[in-house]
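First, one chain by itself in structure tokens, the form predicted alone.
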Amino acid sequence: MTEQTKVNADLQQERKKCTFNITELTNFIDGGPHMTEERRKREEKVLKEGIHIEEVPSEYLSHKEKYELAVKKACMLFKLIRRWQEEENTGMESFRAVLGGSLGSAILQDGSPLTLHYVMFIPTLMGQGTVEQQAYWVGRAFNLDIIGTYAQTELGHGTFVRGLETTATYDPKTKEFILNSPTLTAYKWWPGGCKYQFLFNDHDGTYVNSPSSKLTYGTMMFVRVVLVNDMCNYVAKAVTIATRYSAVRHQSQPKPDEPEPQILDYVTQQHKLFIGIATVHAFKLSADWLWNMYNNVTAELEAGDLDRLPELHALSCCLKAVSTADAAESVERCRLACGGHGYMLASNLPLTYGHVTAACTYEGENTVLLLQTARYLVKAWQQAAGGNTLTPTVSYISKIYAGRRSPPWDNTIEGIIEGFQRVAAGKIGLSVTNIEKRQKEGMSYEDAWNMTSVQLSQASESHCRAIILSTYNEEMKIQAASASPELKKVLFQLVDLYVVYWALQRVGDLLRFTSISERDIEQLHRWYEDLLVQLRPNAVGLVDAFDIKDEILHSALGAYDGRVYERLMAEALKSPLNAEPVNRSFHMYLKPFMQGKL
């Protein structure tokens, strides 16, 4: 083994401690050995093209140069994808595979200029166009004869679609639409966050109705489902970087006359990182569950059955909001866990944080989305009050509405999840009560809703939290059934950690809406601390199982070999500022100033 390929000794030791087969977990995450093989082949094929390689790191380029480089890379990447499609007869899967938060962000770190074309524009044509429109436009879109995007957002308007100032007037003589943005606030600004797509007749400009106006949400729901999965990739990157770094970094001296320990040995560091590892698995299983539901509902829509569309809309809204908010918090926690080094661009944590925080706003700002879900929850509460049957994801409301009184607290995973359902139902019920009370006092429904909107958004978050906890637990029971005993044990330790962590995070809500006691809370704290101890030997193995190549991770702190300090120095030497021992500004300005000659 050469000096250049030598693996840090601490990381080697960490990998020897692992109690399960890392490859087995990688296959579990990917969905089977064949899926791991396909992913790795895809990554090898893309990376072999060298599109990700930069002569000068992009952080040292001007804004104009970055833009031009991104366009160049995007064209090279999509040329490659088109070649794949011809050779392997693949469809949209090829685009999704290389545009997400994993491989895609390795090639185009700031995102692809053509992502919206493939992820939103083409799916809208395929999902809402007539047969004639699809025949004419889809092929051209795939071949990049045309480039489409969403151009809703204006300088002065975003979510409120009816407030948009831009007009499109049909000219029957030319059979074209004349677009007019009459004011400064009507300028298109950050295109890409559109709620609705309208299809018109290619002859007289008349609007063509979809089978249901609700179908206009189809593309948006599709993108929100994809976003939940993307958040898994970004959090997996961040926690891989921070965990490997924490195994290599030594700091402080808690015991006199003993060496500085790995910072991963500090329980506070484990507290920061292990929840991130569990979050990746929770989001992955929730994303897969939501994706299956999306496909089932889409099939029902094609058959004319719209019954489950509101439920899917409510779920995609709140899961997008909660997953992006949680991802932002997780990535920032990882950045902080790496100390000053985490703030360096070479760590790749600042850029990752930028991606996930941006996701909190696009495709529906999170507060707006939570309030969308709240409308569904209010209706569900009213239906439960009327004795009606509720859809599966809100059926707990009927059970709790009928029971009212809280049963004794059950300090088990299932008991905690039921506690979260009681919290959600309690918040929904209080919100409905407050809306009705304000209406009785003379407020309009709209004003009563606005006054209650903080409570409503919190009710949606609690509902979503209960859904994620329940889904993670139940899906893990199904997915891990065939896992080896060693892996199964660790997987359920992660489930326990995730559920207990959130119980402690929301202990105030549990005290308010359940019969949890101080003694129960003390037991949860001890349970949580025990789980950190149990997971500690497997920390590096768990992030290794995410199987993120160094080229994709793009981090001096998180590379597989753990050579953090050598890589940090190498990255620093790439800076034009370090091309000369002393920058000329010293001789031109600083030295004369120090000598009193400036």
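Just count from 1 along the sequence shown to find any residue number. All values reported here derive from a predicted model rather than from experimental measurement.
The form predicted in complex with another copy of the chain is left out here; the points below concern that form.
Asker: Another copy of the chain isn't shown here, but in the predicted bound form which of Lys488, Lys399, Lys79, Lys379 has a heavy atom within 4.5 Å of it?
Answerer: Comparing distances to another copy of the chain in the predicted bound form, the residue within 4.5 Å is Lys79.
Asker: Could you check which residue among Lys48, Lys41, His34, His63 gets a heavy atom within 4.5 Å of another copy of the chain in the predicted bound form?
Answerer: If I apply the 4.5 Å criterion carefully, the residue I get is His63.
Asker: May I ask whether Glu55, Ser406 and Leu535 all come within 4.5 angstroms of another copy of the chain in the predicted bound form, judged by heavy atoms?
Answerer: Not a single listed residue reaches another copy of the chain in the predicted bound form, so no.
Asker: Quick one: find which of 280-288, 386-394, 262-270, 307-315 has residues within 4.5 Å of another copy of the chain in the predicted bound form by heavy atom distance.
Answerer: Within 4.5 Å of the partner lies stretch 262-270.
Asker: So, in the predicted bound form, is His355 in contact with another copy of the chain at a 4.5 angstroms heavy atom limit?
Answerer: Close contact exists here: in the predicted bound form, His355 approaches another copy of the chain to within 4.5 Å, heavy atoms only.
Asker: Taking another copy of the chain as it sits in the predicted bound form, is Lys16 in contact with it (heavy atom to heavy atom, 4.5 Å or less)?
Answerer: Heavy-atom contact with another copy of the chain at 4.5 Å: absent for Lys16.
Asker: In the predicted bound form, does Leu179 have a heavy atom within 4.5 Å of another copy of the chain?
Answerer: Contact check for Leu179: no, nothing within 4.5 Å of another copy of the chain in the predicted bound form.
Asker: Quick one: does Ser252 come within 4.5 Å of another copy of the chain in the predicted bound form, counting heavy atoms only?
Answerer: Heavy-atom contact with another copy of the chain at 4.5 Å: present for Ser252.
Asker: Sequence order please: the residues of 490-528 with a heavy atom within 4.5 Å of another copy of the chain in the predicted bound form.
Answerer: Heavy-atom contacts to another copy of the chain in the predicted bound form: Val507, Gly508, Leu511, Arg512, Glu518, Ile521, Glu522, His525, Arg526.
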